[in-house]
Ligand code: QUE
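There is one chain below, alone, in structure tokens, taken in the form predicted alone.
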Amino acid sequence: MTDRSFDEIAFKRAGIAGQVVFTRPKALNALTLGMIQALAPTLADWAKDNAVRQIVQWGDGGKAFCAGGDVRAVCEAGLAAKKGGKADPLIRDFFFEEYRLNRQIARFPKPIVSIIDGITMGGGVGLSIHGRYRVATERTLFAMPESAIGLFPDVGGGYFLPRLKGRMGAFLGLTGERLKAADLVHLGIATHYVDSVRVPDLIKALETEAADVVLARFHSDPGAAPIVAREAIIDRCFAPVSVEGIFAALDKEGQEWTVKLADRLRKMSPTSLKVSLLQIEKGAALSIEDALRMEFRMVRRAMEGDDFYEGIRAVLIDKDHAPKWKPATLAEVSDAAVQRYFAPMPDGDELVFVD
């Protein structure tokens, strides 16, 4: 395959490495449908190319690896569809193609090295977490913030979050807590730490040497992980299998940090909180394929509702950070409403994988 460059993503063969660069720095490299549709076939080509022994991917601009999926575009398409009474294919296609790409990365037969230098959230986590190696720097900022926009931790969150130690997955999936490099290495979310000034040399070395050898040489100690001091509290407070139970545990703990955490959670979509917690509980027993199938059902249900559009309005469009959730309280979110997110779609349109 020859080198290829698009408006939003670029591909290059360099020695034994296939290189992927996300080139939307002004948008913090947010993932678009076009980027997904360019990346998936390129990875398929490289999987069959014996000269390509590993993949390296990073974000342009120095501020972000990938700040998430382009949910604003999805939101605008969804609102237009609701107003016009006609479905917009972008709403379905974006998540269908994104989740298939997540699975493709998870099952890729060669090492994928994601240099998560800068903001890495949502869709950017999906691009990196399922590959073999994730390199954090001192600029890395990681989060799964979907509950704050009326969604849930998708892109395989139902698979990787419950596999973190203790109750860390429920904590990260519900709160959207932002983590830096030391915490990420401690939790295994990042496999290595490299200072950002050394990243160009790291990329160059990966053109000629095997990823495991290069990463072992470049890895350094990111320092103490602040999350360690809170692991016991997190395990206690997020042990309940109901959101109401988590709130009760946080309130009972009574520490300044848990009080602030509970206040933050109470501003999030009640439906998203309940759906996200059940997603994480269910995902502990699922394969990556079944977790993504579950999430495709969930996201289509979310697109039918109101909270996703209200969350995007409040956080990304009007930026008043005062969403009006429907329903507005946990008590109003019925078990039946939550279970509906996980039920097969009546039209039979399910996520399928083609090898």
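Residue indices: 1-based, along the sequence shown. Fair warning: this is a prediction, and the values are worked out from it, not measured in the lab.
The protein also exists as the form predicted in complex with the ligand; that form is not presented, and the subsequent description refers to it.
Although the partner is absent here, Ala148 sits close enough that one of its heavy atoms falls within 4.5 Å of the ligand in the model of the complex. Although the partner is absent here, Val52 is not a contact residue: none of its heavy atoms lies within 4.5 angstroms of the ligand in the model of the complex. In the model of the complex, none of the heavy atoms of Pro323 sits within 4.5 Å of a heavy atom of the ligand. Leu39 falls outside the set of residues with a heavy atom inside 4.5 Å of the ligand in the model of the complex. With the ligand omitted here, the record of contacts in the model of the complex names 312 to 320 of 42 to 50, 312 to 320, 325 to 333, 289 to 297, defined by a heavy atom within 4.5 Å. For the options Leu206, Val71, Leu161, Leu101, the one in contact with the ligand in the model of the complex, meaning a heavy atom within 4.5 Å, is Val71.
Here is the short version: of Met303, Ala67, Met35, Val56, the single residue with a heavy atom within 4.5 Å of the ligand in the model of the complex is Ala67.
Of all the residues from 15 to 41, those having a non-hydrogen atom no more than 4.5 Å from the ligand in the model of the complex are Ala27, Leu28, Ala30.
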